[in-house]
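Only one chain is given next, in structure tokens, and it is the form predicted alone.
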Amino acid sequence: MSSTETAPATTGEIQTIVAARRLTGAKVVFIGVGRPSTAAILARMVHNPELVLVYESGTIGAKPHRVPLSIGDGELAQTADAVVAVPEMFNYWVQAGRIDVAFLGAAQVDRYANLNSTVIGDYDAPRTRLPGAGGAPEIAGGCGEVVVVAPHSTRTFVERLDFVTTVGHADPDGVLGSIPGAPPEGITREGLGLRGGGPSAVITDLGVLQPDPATKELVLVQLHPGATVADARDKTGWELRVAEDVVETAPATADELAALRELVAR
């Protein structure tokens, strides 16, 4: 490859770019670290320069010029419009409904976008002890909408969560059963008193899933270049529903790809 050619976008880069595009019309986004943070910074660079980045550590209006190492990265506080205490962040921003969009990740996702970030295996004797809930339950409960960013594999997209850390669209048909942390069978988000709209999309390295308006079950609605319906079904732990008119993700633009690669190289 000559120095004037640009390497094609990887699946991870496409996933980040699609997440960034999701923020084109947003005013405020709540994020942690990892790919969601990279996507939000990219959105400010390319699509939405007025986007306000809010991090769980209490920084409001952070303007990082590189991918932060953690929510406690000093650049977030140094570039923020304001820094507030974590209890204030949740009481007066998240629970008060001042966040348009929140990005979340998880180790496990089920067909109703309920999330597990607590344990893999039995709670009392887990195979893997994960970081835990953090603020995710409150974020998913109070923000206007939630976008989940996760790898597409049967390890992540599971028929039955090992633990319900964060309620997505609850348990409309009783699939959760006696899973630790699960809401009562048949209950809805409204029945739990959650004011936010819940997960509006799950963005993976293969495509985008969105909840069916009536049943709330995740449906494959978009595929990234090179991915197929068969790929998505093979890497989903339940019988994945597929929209009749699945669209193909628009390829990464030169500006998006250049900005993303510059960002992660800093």
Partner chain sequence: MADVVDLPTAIRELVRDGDAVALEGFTHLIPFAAGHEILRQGRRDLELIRMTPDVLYDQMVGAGAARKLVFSYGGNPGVGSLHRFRDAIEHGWPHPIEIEEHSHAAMANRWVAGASALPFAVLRGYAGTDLEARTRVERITCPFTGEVLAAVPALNPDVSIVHAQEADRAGNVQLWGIPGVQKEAVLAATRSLVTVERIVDELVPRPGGVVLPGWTIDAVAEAPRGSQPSYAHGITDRDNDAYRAWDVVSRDRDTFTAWMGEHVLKGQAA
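Numbering follows the first chain given and starts at 1. Quantities reported herein were computed from a predicted structural model and do not represent experimental measurements.
Not on display, but discussed next: the form predicted in complex with its partner chain.
* Of the listed stretches (41-49, 62-70, 207-215, 235-243), which one has a non-hydrogen atom within 4.5 Å of its partner chain in the predicted bound form? -> Selected range: 62-70.
* State yes or no: in the predicted bound form, is some non-hydrogen atom of residue 145 no more than 4.5 angstroms from a non-hydrogen atom of its partner chain? => Answer no; every heavy atom of residue 145 is more than 4.5 Å from its partner chain in the predicted bound form.
* Asked: Given that the partner is absent here, does residue 129 sit within 4.5 Å of its partner chain in the predicted bound form, heavy atoms only?
  -> Judged by the heavy-atom cut-off of 4.5 Å, residue 129 is in contact with its partner chain in the predicted bound form.
* **Proximity of residue 190 to its partner chain in the predicted bound form, heavy atoms at 4.5 Å** => Residue-level check for residue 190: no, no contact with its partner chain.
* **is_contact(residue 157, its partner chain) in the predicted bound form, heavy atom dist at most 4.5 Å** => No, residue 157 stays farther than 4.5 Å from its partner chain in the predicted bound form.
* **Residues in 69-89 close to its partner chain in the predicted bound form, defined by a heavy atom within 4.5 Å, in order** => 69, 70, 71, 72, 73, 74, 77, 78, 81, 82, 83, 84, 85, 86, 87, 88, in sequence order.
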